[in-house]
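Shown next as structure tokens: one chain only, the form predicted alone.
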């Protein structure tokens, strides 16, 4: 049997990096570069290179026991057809964008059948004027970044979105001036600034030839997003919100609607007993929340936890029902990246392109029929995607902000010294060789940290000893690119001392 070759997109973030996945007859995977990819031109970050470790295949389960997909779908439909569930005030659906547009659209149809919506996990959209959504969802193109005269950088591309680095370096080569307004000094920046947010407009020197690069994820404060939009509106700079999920832009366009809940809101609803049934599509709240243990404990309070997924992850092990689908790289379907470019999965065999899998769509179709809806097939769903998305976004094109300057509102008073630098390894709870935190030299001297030694971090939920690396950054901060057992949120107050 010859190996299977799939042309696909890296699931690490919404950059949309193209690559090939090779699967041999024993199921072993390998990654190949795809130089024709518009987003990454054949380059891959550390997460992309380690994708074979990411694709752990899921197994259908019912109440902790292996089951056929057909039986798992039937049991899921029985539990979703219960009298209490059909009232829909205590049921939530979550699909953050870790699967295709076509599966996301099918999931939407199930939500419609149940009289509810699919939550994308980005609750901030519900708190923004709808006229702002197009620019927040699809920003300036990656190619355009290389041709601006000034970049205000509010992310750490080395850690969070590595393939941005080459775009920013190309912009510098073309004459752009790069100002980093992050949490540590970046070597690619001409200038690193730590300034009060109220001074961004007056001190960053932005104009219509500039671009603001920031990010939006489920834990992003709405006040911060409004501040970034206001900065773009007042300076006429273009803006790009980087996002964590492979199809975050696609599900935003497909799922937008009133009442969108963020992942933290959903978890609060479960904890308070207002949400009793949760259905997730390739979305693991245990991985997505800052405190994985606390998230797992909350999810166990549900009456029904139904997981439809292409990979094995922590939520599968506590789910009441798991409906397993084919791996993300083997799915028939499309994704939309952060610049609005539609990307397709292709199954390559010799000189021919063969259809990819539709197990996920078939399972969603059967579930919809059990709930009294119509059957769904890939081609019809794909045509609908082309009609609803591609008609508006035939190619990447920046849409100027149409909203007015926004009221920032109260800024969250989060206090702490341990700050997460979210990145693909954290979103997917994947092992990472970069097993250290970042501190500055003043902290090293204050604590008496030894070269090659460790720093002890403690909070109300635990302690951890971890290696450290010295960086130029503000005093008192500890930055982490991996999840730590002491963290309770995006920002956490921790104690520090040297490990002797």
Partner chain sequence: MVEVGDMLVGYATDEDIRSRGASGGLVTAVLAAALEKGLVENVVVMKHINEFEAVPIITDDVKEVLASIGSLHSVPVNLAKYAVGRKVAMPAKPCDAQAVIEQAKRGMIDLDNTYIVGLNCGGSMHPVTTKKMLVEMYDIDPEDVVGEDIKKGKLVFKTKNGEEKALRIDELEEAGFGRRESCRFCTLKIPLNADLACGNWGVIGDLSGSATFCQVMNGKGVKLLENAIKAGRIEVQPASDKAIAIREKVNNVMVDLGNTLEKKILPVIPDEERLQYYIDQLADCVNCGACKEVCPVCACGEDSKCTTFHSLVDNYKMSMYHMVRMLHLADSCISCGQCSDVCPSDIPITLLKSRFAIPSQRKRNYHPGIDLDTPPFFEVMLK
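Fair warning: this is a prediction, and the values are worked out from it, not measured in the lab. Positions refer to the first chain, counted from 1.
Here the subject shifts to the form predicted together with its partner chain, a form of this protein not shown in this document.
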Practice task
Using heavy atoms only and a 4.5 Å cut-off, decide whether all three of 7, 37 and 187 touch its partner chain in the predicted complex.
Solution key: yes
Handout entry: is_contact(residue 166, its partner chain) in the predicted complex, heavy atom dist at most 4.5 Å
Key = yes
Exercise for the section: Please check if residue 57 has a heavy atom lying within 4.5 Å of any heavy atom of its partner chain in the predicted complex. Expected result: no
Problem - Distance check, residue 348 to its partner chain in the predicted complex, heavy atom within 4.5 Å - result: yes
Practice task
Considering only heavy atoms, tell me if residue 447 and its partner chain come within 4.5 Å of each other in the predicted complex.
Solution key: no
Handout entry: Residue stretch of 119-127, 132-140, 156-164, 415-423 approaching its partner chain in the predicted complex, non-hydrogen atom distance within 4.5 Å
Key = 156-164
Exercise for the section: Note which of 475, 433, 460, 26 lies within 4.5 Å of its partner chain in the predicted complex, where distance is taken over heavy atoms; exactly one does. Expected result: 433
Practice task
Just give me the single entry in 44, 455, 51, 62 that has a non-hydrogen atom within 4.5 angstroms of its partner chain in the predicted complex.
Solution key: 44
